[in-house]
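Only one chain comes next, encoded as C-alpha coordinates, the form predicted on its own.
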(Lines give C-alpha, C1' and ligand atoms only; values in the text may rest on other atoms or scores of the structure.)
Protein backbone atom coordinates (compact mmCIF):
# COMPACT_ATOMS: atom_id res chain seq x y z
CA UNK A 1 0.00 0.00 0.00
CA UNK A 2 1.08 3.57 -0.67
CA UNK A 3 1.66 6.01 2.21
CA UNK A 4 -1.09 8.28 3.48
CA UNK A 5 0.41 11.38 1.88
CA UNK A 6 2.51 11.02 -1.22
CA UNK A 7 3.46 12.74 -4.46
CA UNK A 8 4.72 10.54 -7.29
CA UNK A 9 6.69 12.25 -10.05
CA UNK A 10 7.73 11.29 -13.58
CA UNK A 11 4.65 9.14 -14.10
CA UNK A 12 3.97 8.07 -17.68
CA UNK A 13 0.38 8.65 -18.80
CA UNK A 14 -1.17 5.54 -20.41
CA UNK A 15 -3.63 7.28 -22.70
CA UNK A 16 -2.32 8.27 -26.14
CA UNK A 17 0.79 7.62 -28.18
CA UNK A 18 2.57 10.66 -26.70
CA UNK A 19 3.06 8.76 -23.41
CA UNK A 20 3.67 12.04 -21.55
CA UNK A 21 6.25 11.22 -18.87
CA UNK A 22 6.05 14.36 -16.72
CA UNK A 23 2.85 13.58 -14.83
CA UNK A 24 2.79 14.22 -11.08
CA UNK A 25 0.22 12.20 -9.13
CA UNK A 26 -0.99 13.19 -5.68
CA UNK A 27 -2.12 10.35 -3.42
CA UNK A 28 -4.02 9.98 -0.19
CA UNK A 29 -3.63 6.41 0.93
CA UNK A 30 -4.57 4.27 -2.05
CA UNK A 31 -6.62 7.02 -3.70
CA UNK A 32 -5.50 9.29 -6.55
CA UNK A 33 -6.47 12.85 -5.64
CA UNK A 34 -4.48 14.97 -8.08
CA UNK A 35 -2.97 14.86 -11.56
CA UNK A 36 -0.56 17.68 -12.37
CA UNK A 37 0.57 18.39 -15.94
CA UNK A 38 -1.83 15.88 -17.52
CA UNK A 39 -4.33 16.89 -20.19
CA UNK A 40 -8.06 16.73 -19.46
CA UNK A 41 -8.23 13.13 -20.69
CA UNK A 42 -5.21 12.12 -18.60
CA UNK A 43 -6.77 13.67 -15.51
CA UNK A 44 -10.02 11.82 -16.15
CA UNK A 45 -8.22 8.50 -16.65
CA UNK A 46 -6.23 8.72 -13.42
CA UNK A 47 -8.81 10.35 -11.16
CA UNK A 48 -11.68 8.14 -12.38
CA UNK A 49 -9.79 4.90 -12.90
CA UNK A 50 -12.08 3.13 -10.42
CA UNK A 51 -15.28 3.97 -12.36
CA UNK A 52 -17.10 1.54 -14.70
CA UNK A 53 -14.99 -1.40 -13.64
CA UNK A 54 -15.76 -4.92 -14.76
CA UNK A 55 -16.82 -7.09 -11.84
CA UNK A 56 -15.37 -10.50 -11.06
CA UNK A 57 -18.57 -12.58 -11.27
CA UNK A 58 -16.80 -15.85 -10.42
CA UNK A 59 -13.50 -16.97 -8.88
CA UNK A 60 -10.56 -16.17 -11.16
CA UNK A 61 -9.56 -19.83 -11.48
CA UNK A 62 -13.02 -20.70 -12.79
CA UNK A 63 -12.96 -17.87 -15.31
CA UNK A 64 -9.51 -18.89 -16.50
CA UNK A 65 -10.60 -22.50 -16.89
CA UNK A 66 -13.72 -21.50 -18.83
CA UNK A 67 -11.65 -19.26 -21.13
CA UNK A 68 -9.07 -21.99 -21.64
CA UNK A 69 -11.77 -24.54 -22.61
CA UNK A 70 -13.13 -22.18 -25.26
CA UNK A 71 -9.65 -21.63 -26.67
CA UNK A 72 -8.61 -25.31 -26.53
CA UNK A 73 -11.80 -26.38 -28.34
CA UNK A 74 -11.61 -23.67 -31.00
CA UNK A 75 -10.62 -24.47 -34.58
CA UNK A 76 -10.05 -20.87 -35.67
CA UNK A 77 -9.19 -18.64 -32.70
CA UNK A 78 -8.76 -14.89 -33.19
CA UNK A 79 -6.66 -13.03 -30.61
CA UNK A 80 -7.24 -9.30 -30.92
CA UNK A 81 -6.51 -5.95 -29.24
CA UNK A 82 -3.31 -5.36 -27.21
CA UNK A 83 -2.98 -1.62 -27.88
CA UNK A 84 -4.01 -0.53 -24.37
CA UNK A 85 -1.92 -2.91 -22.33
CA UNK A 86 1.78 -3.31 -21.66
CA UNK A 87 4.39 -5.26 -23.59
CA UNK A 88 4.67 -8.31 -21.32
CA UNK A 89 0.97 -9.02 -21.85
CA UNK A 90 1.63 -9.08 -25.60
CA UNK A 91 4.11 -11.90 -25.22
CA UNK A 92 1.59 -14.09 -23.40
CA UNK A 93 -1.07 -13.36 -26.04
CA UNK A 94 1.25 -14.47 -28.85
CA UNK A 95 1.99 -17.70 -26.96
CA UNK A 96 -1.75 -18.41 -26.69
CA UNK A 97 -2.23 -17.80 -30.43
CA UNK A 98 0.66 -20.14 -31.20
CA UNK A 99 -0.42 -23.01 -28.95
CA UNK A 100 -4.01 -22.75 -30.25
CA UNK A 101 -2.99 -22.46 -33.91
CA UNK A 102 -4.93 -19.22 -34.15
CA UNK A 103 -4.54 -15.72 -35.55
CA UNK A 104 -3.26 -12.72 -33.58
CA UNK A 105 -4.02 -9.20 -34.75
CA UNK A 106 -3.80 -5.80 -33.06
CA UNK A 107 -5.72 -2.56 -33.47
CA UNK A 108 -3.25 -1.14 -35.99
CA UNK A 109 -5.12 -3.16 -38.64
CA UNK A 110 -7.93 -0.59 -38.39
CA UNK A 111 -5.74 2.51 -37.98
CA UNK A 112 -2.08 2.61 -38.99
CA UNK A 113 -1.82 -0.74 -40.75
CA UNK A 114 -1.44 1.14 -44.08
CA UNK A 115 1.47 3.04 -42.49
CA UNK A 116 3.29 -0.23 -41.93
CA UNK A 117 2.55 -1.42 -45.48
CA UNK A 118 3.83 1.86 -46.88
CA UNK A 119 7.03 1.59 -44.85
CA UNK A 120 7.51 -2.01 -46.00
CA UNK A 121 7.22 -0.75 -49.59
CA UNK A 122 9.45 2.33 -49.38
CA UNK A 123 11.44 2.27 -46.15
CA UNK A 124 11.04 4.47 -43.11
CA UNK A 125 12.07 8.12 -43.01
CA UNK A 126 11.76 8.24 -39.24
CA UNK A 127 12.01 11.14 -36.80
CA UNK A 128 11.91 11.45 -33.01
CA UNK A 129 9.79 13.67 -30.81
CA UNK A 130 12.89 15.09 -29.09
CA UNK A 131 14.40 15.96 -32.47
CA UNK A 132 11.16 17.67 -33.44
CA UNK A 133 11.17 19.85 -30.33
CA UNK A 134 14.83 20.79 -30.48
CA UNK A 135 15.46 21.10 -34.23
CA UNK A 136 12.34 21.35 -36.40
CA UNK A 137 11.58 24.76 -37.90
CA UNK A 138 8.74 23.43 -40.10
CA UNK A 139 6.18 20.91 -38.87
CA UNK A 140 3.32 19.63 -41.02
CA UNK A 141 0.31 17.74 -39.66
CA UNK A 142 -1.39 15.87 -42.51
CA UNK A 143 -4.76 14.25 -41.90
CA UNK A 144 -4.29 14.63 -38.16
CA UNK A 145 -5.97 16.68 -35.45
CA UNK A 146 -3.57 16.57 -32.47
CA UNK A 147 -5.41 19.17 -30.41
CA UNK A 148 -8.30 16.71 -30.21
CA UNK A 149 -6.60 13.29 -30.26
CA UNK A 150 -3.20 14.10 -28.66
CA UNK A 151 -3.94 17.18 -26.52
CA UNK A 152 -0.37 17.91 -25.34
CA UNK A 153 1.44 17.09 -28.59
CA UNK A 154 1.69 20.69 -29.77
CA UNK A 155 2.50 22.16 -26.37
CA UNK A 156 5.24 19.61 -25.63
CA UNK A 157 6.85 19.11 -29.02
CA UNK A 158 5.91 21.66 -31.66
CA UNK A 159 5.10 24.84 -29.73
CA UNK A 160 7.67 24.37 -26.98
CA UNK A 161 11.14 25.96 -27.23
CA UNK A 162 14.04 23.61 -27.91
CA UNK A 163 17.82 23.60 -27.87
CA UNK A 164 18.07 25.10 -31.36
CA UNK A 165 14.54 26.53 -31.49
CA UNK A 166 14.54 29.26 -28.86
CA UNK A 167 10.92 30.33 -29.38
CA UNK A 168 8.49 27.61 -30.43
CA UNK A 169 5.99 30.13 -31.81
CA UNK A 170 8.30 32.54 -33.62
CA UNK A 171 11.05 30.21 -34.82
CA UNK A 172 8.87 27.33 -35.98
CA UNK A 173 6.12 27.12 -38.60
CA UNK A 174 3.24 24.70 -38.07
CA UNK A 175 1.05 23.76 -41.02
CA UNK A 176 -2.07 21.61 -41.14
CA UNK A 177 -3.19 19.77 -44.28
CA UNK A 178 -6.70 18.39 -44.00
CA UNK A 179 -10.09 18.13 -45.69
CA UNK A 180 -11.64 20.57 -43.20
CA UNK A 181 -10.49 23.26 -40.82
CA UNK A 182 -9.99 21.41 -37.55
CA UNK A 183 -9.25 22.75 -34.07
CA UNK A 184 -5.57 22.18 -34.77
CA UNK A 185 -5.80 24.19 -37.99
CA UNK A 186 -7.09 27.20 -36.05
CA UNK A 187 -3.84 27.42 -34.07
CA UNK A 188 -1.52 26.62 -36.98
CA UNK A 189 0.44 29.14 -39.02
CA UNK A 190 -1.02 27.81 -42.26
CA UNK A 191 -3.97 25.66 -43.24
CA UNK A 192 -4.04 23.83 -46.56
CA UNK A 193 -7.41 22.39 -47.52
CA UNK A 194 -7.20 19.26 -49.65
CA UNK A 195 -10.23 17.80 -51.41
CA UNK A 196 -11.50 14.54 -49.82
CA UNK A 197 -9.89 11.46 -51.34
CA UNK A 198 -7.22 13.37 -53.27
CA UNK A 199 -4.26 13.05 -50.88
CA UNK A 200 -2.41 10.67 -53.20
CA UNK A 201 -2.72 13.03 -56.18
CA UNK A 202 -1.50 15.97 -54.08
CA UNK A 203 1.48 14.04 -52.72
CA UNK A 204 2.45 12.87 -56.20
CA UNK A 205 2.10 16.44 -57.50
CA UNK A 206 4.41 17.70 -54.74
CA UNK A 207 6.96 15.06 -55.71
CA UNK A 208 6.73 16.02 -59.38
CA UNK A 209 7.22 19.73 -58.62
CA UNK A 210 10.15 18.92 -56.33
CA UNK A 211 11.79 17.09 -59.24
CA UNK A 212 11.33 20.05 -61.58
CA UNK A 213 8.36 18.77 -63.56
CA UNK A 214 5.94 21.30 -65.06
CA UNK A 215 2.28 20.47 -64.39
CA UNK A 216 -0.15 21.40 -67.17
CA UNK A 217 -3.14 21.91 -64.84
CA UNK A 218 -4.21 24.80 -62.64
CA UNK A 219 -5.03 22.87 -59.49
CA UNK A 220 -4.82 19.40 -58.00
CA UNK A 221 -6.96 18.17 -55.15
CA UNK A 222 -8.42 21.60 -54.60
CA UNK A 223 -4.98 23.21 -54.25
CA UNK A 224 -3.58 25.51 -56.92
CA UNK A 225 -0.29 24.56 -58.57
CA UNK A 226 1.06 27.91 -57.38
CA UNK A 227 0.36 26.99 -53.75
CA UNK A 228 1.78 23.51 -54.25
CA UNK A 229 4.97 25.08 -55.60
CA UNK A 230 5.15 27.36 -52.56
CA UNK A 231 4.80 24.34 -50.28
CA UNK A 232 7.62 22.50 -52.05
CA UNK A 233 9.94 25.53 -51.84
CA UNK A 234 9.20 25.99 -48.15
CA UNK A 235 9.93 22.32 -47.52
CA UNK A 236 13.21 22.54 -49.43
CA UNK A 237 14.27 25.62 -47.49
CA UNK A 238 13.48 24.25 -44.04
CA UNK A 239 16.49 23.53 -41.87
CA UNK A 240 14.76 20.55 -40.30
CA UNK A 241 11.24 19.43 -41.14
CA UNK A 242 8.90 16.81 -39.71
CA UNK A 243 5.71 15.46 -41.26
CA UNK A 244 3.18 14.03 -38.80
CA UNK A 245 0.28 12.13 -40.33
CA UNK A 246 -2.88 10.53 -39.01
CA UNK A 247 -5.88 8.48 -40.01
CA UNK A 248 -6.96 11.17 -42.47
CA UNK A 249 -4.11 9.85 -44.61
CA UNK A 250 -4.08 6.14 -43.72
CA UNK A 251 -7.83 5.52 -43.91
CA UNK A 252 -8.78 7.70 -46.88
CA UNK A 253 -8.77 6.74 -50.55
CA UNK A 254 -5.33 5.40 -51.44
CA UNK A 255 -4.57 4.08 -47.95
CA UNK A 256 -1.07 2.53 -47.96
CA UNK A 257 -0.31 4.17 -51.32
CA UNK A 258 -0.79 7.53 -49.60
CA UNK A 259 1.87 6.57 -47.08
CA UNK A 260 4.15 5.23 -49.79
CA UNK A 261 3.91 8.58 -51.63
CA UNK A 262 4.46 10.56 -48.41
CA UNK A 263 7.57 8.54 -47.57
CA UNK A 264 8.96 9.07 -51.05
CA UNK A 265 8.23 12.82 -50.82
CA UNK A 266 10.22 12.99 -47.59
CA UNK A 267 13.02 11.01 -49.23
CA UNK A 268 13.01 13.52 -52.09
CA UNK A 269 13.22 16.40 -49.58
CA UNK A 270 16.28 14.83 -47.97
CA UNK A 271 18.18 15.54 -51.18
CA UNK A 272 17.93 19.24 -50.25
CA UNK A 273 17.71 19.33 -46.44
CA UNK A 274 16.76 17.18 -43.44
CA UNK A 275 13.21 15.80 -43.15
CA UNK A 276 11.60 13.05 -41.12
CA UNK A 277 8.06 11.75 -40.64
CA UNK A 278 6.07 10.03 -37.94
CA UNK A 279 2.59 8.48 -37.61
CA UNK A 280 0.34 9.95 -34.91
CA UNK A 281 -0.36 6.72 -33.06
CA UNK A 282 -3.58 6.71 -31.06
CA UNK A 283 -3.78 4.14 -28.23
CA UNK A 284 -0.85 4.48 -25.88
CA UNK A 285 0.81 1.18 -26.77
CA UNK A 286 -0.38 0.35 -30.28
CA UNK A 287 3.17 1.07 -31.47
CA UNK A 288 4.36 -1.38 -28.84
CA UNK A 289 1.95 -4.03 -30.11
CA UNK A 290 3.57 -3.74 -33.56
CA UNK A 291 7.07 -3.87 -32.06
CA UNK A 292 6.47 -6.87 -29.83
CA UNK A 293 4.63 -8.73 -32.59
CA UNK A 294 7.62 -8.20 -34.87
CA UNK A 295 10.04 -9.36 -32.17
CA UNK A 296 8.04 -12.50 -31.41
CA UNK A 297 6.63 -13.50 -34.79
CA UNK A 298 8.62 -11.60 -37.41
CA UNK A 299 5.55 -9.60 -38.47
CA UNK A 300 3.84 -6.48 -37.06
CA UNK A 301 0.18 -7.63 -37.13
CA UNK A 302 -2.21 -10.06 -38.90
CA UNK A 303 -0.22 -13.20 -38.00
CA UNK A 304 -1.61 -16.72 -38.50
CA UNK A 305 -0.28 -19.80 -36.64
CA UNK A 306 -2.60 -22.36 -38.28
CA UNK A 307 0.31 -24.23 -39.85
CA UNK A 308 2.41 -24.18 -36.70
CA UNK A 309 4.57 -21.27 -37.78
CA UNK A 310 3.76 -17.55 -38.27
CA UNK A 311 2.38 -16.35 -41.60
CA UNK A 312 1.58 -12.72 -42.44
CA UNK A 313 -1.15 -11.43 -44.73
CA UNK A 314 -3.06 -8.19 -44.10
CA UNK A 315 -6.56 -8.48 -45.52
CA UNK A 316 -6.49 -12.23 -44.97
CA UNK A 317 -5.58 -12.44 -41.28
CA UNK A 318 -6.81 -9.04 -40.10
CA UNK A 319 -9.61 -9.08 -37.52
CA UNK A 320 -12.33 -7.20 -39.41
CA UNK A 321 -11.83 -9.18 -42.61
CA UNK A 322 -11.91 -12.51 -40.76
CA UNK A 323 -15.06 -11.63 -38.83
CA UNK A 324 -16.87 -10.34 -41.92
CA UNK A 325 -16.08 -13.66 -43.64
CA UNK A 326 -17.34 -15.52 -40.57
CA UNK A 327 -14.08 -17.42 -40.00
CA UNK A 328 -13.32 -17.21 -36.24
CA UNK A 329 -15.15 -19.63 -33.95
CA UNK A 330 -13.82 -17.89 -30.82
CA UNK A 331 -12.24 -14.53 -29.98
CA UNK A 332 -9.83 -13.61 -27.21
CA UNK A 333 -10.12 -9.84 -26.89
CA UNK A 334 -7.50 -8.01 -24.82
CA UNK A 335 -7.66 -4.31 -23.94
CA UNK A 336 -9.81 -3.29 -26.91
CA UNK A 337 -13.49 -2.81 -27.74
CA UNK A 338 -14.22 -4.31 -31.18
CA UNK A 339 -17.99 -4.41 -30.60
CA UNK A 340 -18.01 -0.62 -30.36
CA UNK A 341 -15.75 0.10 -33.31
CA UNK A 342 -15.98 -2.68 -35.90
CA UNK A 343 -18.36 -2.61 -38.89
CA UNK A 344 -21.86 -4.04 -38.49
CA UNK A 345 -21.14 -7.30 -40.33
CA UNK A 346 -18.06 -7.97 -38.20
CA UNK A 347 -19.95 -7.33 -34.95
CA UNK A 348 -22.81 -9.54 -36.16
CA UNK A 349 -20.46 -12.53 -36.35
CA UNK A 350 -18.75 -11.51 -33.10
CA UNK A 351 -22.11 -11.79 -31.35
CA UNK A 352 -22.57 -15.38 -32.60
CA UNK A 353 -19.34 -16.86 -31.20
CA UNK A 354 -17.85 -17.14 -27.69
CA UNK A 355 -15.83 -14.06 -26.81
CA UNK A 356 -13.33 -13.91 -23.95
CA UNK A 357 -12.96 -10.29 -22.91
CA UNK A 358 -9.99 -9.21 -20.77
CA UNK A 359 -10.22 -5.58 -19.73
CA UNK A 360 -10.35 -3.42 -16.60
CA UNK A 361 -13.50 -1.58 -17.71
CA UNK A 362 -16.98 -2.38 -18.89
CA UNK A 363 -17.45 -1.76 -22.61
CA UNK A 364 -19.63 -2.83 -25.52
CA UNK A 365 -17.63 -6.03 -26.00
CA UNK A 366 -18.13 -6.99 -22.35
CA UNK A 367 -21.90 -6.99 -22.95
CA UNK A 368 -21.70 -9.85 -25.47
CA UNK A 369 -18.73 -11.73 -24.01
CA UNK A 370 -19.11 -15.30 -22.78
CA UNK A 371 -16.27 -14.72 -20.30
CA UNK A 372 -15.29 -11.38 -18.77
CA UNK A 373 -12.08 -11.22 -16.76
CA UNK A 374 -11.37 -7.84 -15.11
CA UNK A 375 -7.73 -6.86 -14.75
CA UNK A 376 -5.50 -4.18 -13.28
CA UNK A 377 -4.93 -1.00 -15.31
CA UNK A 378 -1.38 -0.85 -16.70
CA UNK A 379 0.39 2.37 -15.78
CA UNK A 380 -1.93 2.99 -12.82
CA UNK A 381 -2.44 -0.28 -10.93
CA UNK A 382 0.49 -2.29 -12.28
CA UNK A 383 3.80 -1.59 -13.98
CA UNK A 384 5.03 -2.55 -17.43
CA UNK A 385 6.58 -1.12 -20.56
CA UNK A 386 5.03 0.75 -23.48
CA UNK A 387 6.33 2.20 -26.73
CA UNK A 388 5.86 5.86 -27.62
CA UNK A 389 4.74 6.88 -31.10
CA UNK A 390 8.36 7.54 -32.13
CA UNK A 391 9.47 4.06 -31.04
CA UNK A 392 10.96 4.97 -27.64
CA UNK A 393 10.14 2.39 -24.93
CA UNK A 394 9.07 3.87 -21.59
CA UNK A 395 8.46 2.29 -18.20
CA UNK A 396 4.94 2.48 -16.81
CA UNK A 397 4.92 2.81 -13.03
CA UNK A 398 2.43 1.38 -10.58
CA UNK A 399 0.71 4.22 -8.72
CA UNK A 400 -1.99 2.52 -6.61
CA UNK A 401 -3.05 -1.02 -5.78
CA UNK A 402 -5.72 -2.64 -7.97
CA UNK A 403 -9.06 -3.84 -6.58
CA UNK A 404 -8.73 -7.01 -4.53
CA UNK A 405 -8.27 -10.13 -6.64
CA UNK A 406 -7.50 -8.32 -9.91
CA UNK A 407 -4.21 -9.20 -11.60
CA UNK A 408 -2.31 -7.57 -14.49
CA UNK A 409 -3.21 -8.70 -18.01
CA UNK A 410 0.10 -10.55 -18.32
CA UNK A 411 -0.62 -12.74 -15.28
CA UNK A 412 -4.15 -13.62 -16.40
CA UNK A 413 -2.95 -14.44 -19.92
CA UNK A 414 -0.12 -16.54 -18.52
CA UNK A 415 -2.65 -18.54 -16.48
CA UNK A 416 -4.83 -19.06 -19.55
CA UNK A 417 -1.81 -20.16 -21.61
CA UNK A 418 -0.72 -22.73 -19.03
CA UNK A 419 -4.27 -24.10 -18.77
CA UNK A 420 -4.62 -24.34 -22.58
CA UNK A 421 -1.30 -26.17 -22.80
CA UNK A 422 -2.48 -28.63 -20.14
CA UNK A 423 -5.75 -29.26 -21.98
CA UNK A 424 -4.02 -29.84 -25.31
CA UNK A 425 -1.57 -32.46 -24.03
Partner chain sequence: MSRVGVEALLTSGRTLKQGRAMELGKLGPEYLKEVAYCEMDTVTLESLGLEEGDPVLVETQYGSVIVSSKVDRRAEPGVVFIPCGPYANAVIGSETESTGMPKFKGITAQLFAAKGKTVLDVEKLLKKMVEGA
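Predicted model, so just to flag it, every value in this text is computed and none were measured. Residue numbers count along the first chain shown, from 1.
Beyond the structure shown, there is the form predicted in complex with its partner chain, which is absent from this document and is the topic of what follows.
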Should residue 186 be counted as a contact of its partner chain in the model of the complex, where contact means heavy atoms within 4.5 Å? yes
Its partner chain contact at residue 321 in the model of the complex, heavy atom, 4.5 Å: yes
Flag residue 337 as yes or no: does it have a non-hydrogen atom within 4.5 angstroms of any non-hydrogen atom of its partner chain in the model of the complex? yes
Under a 4.5 Å heavy atom criterion, is residue 258 part of the interface with its partner chain in the model of the complex? no
Name the stretch: of 56-64, 30-38, 382-390, 362-370, exactly one has residues whose heavy atoms fall within 4.5 Å of its partner chain in the model of the complex. 362-370
Is it true that 149, 250 and 345, all three, sit within 4.5 Å of its partner chain in the model of the complex, judged by heavy atoms? yes
Of 275, 157, 244, 301, which one comes within 4.5 Å of its partner chain in the model of the complex, counting heavy atoms only? 301
Answer key: of 169, 75, 213, 181, within 4.5 Å of its partner chain in the model of the complex (heavy atoms) is 181
Suppose contact means any heavy atom within 4.5 Å; which members of 43-69 contact its partner chain in the model of the complex? 44, 45, 48, 52
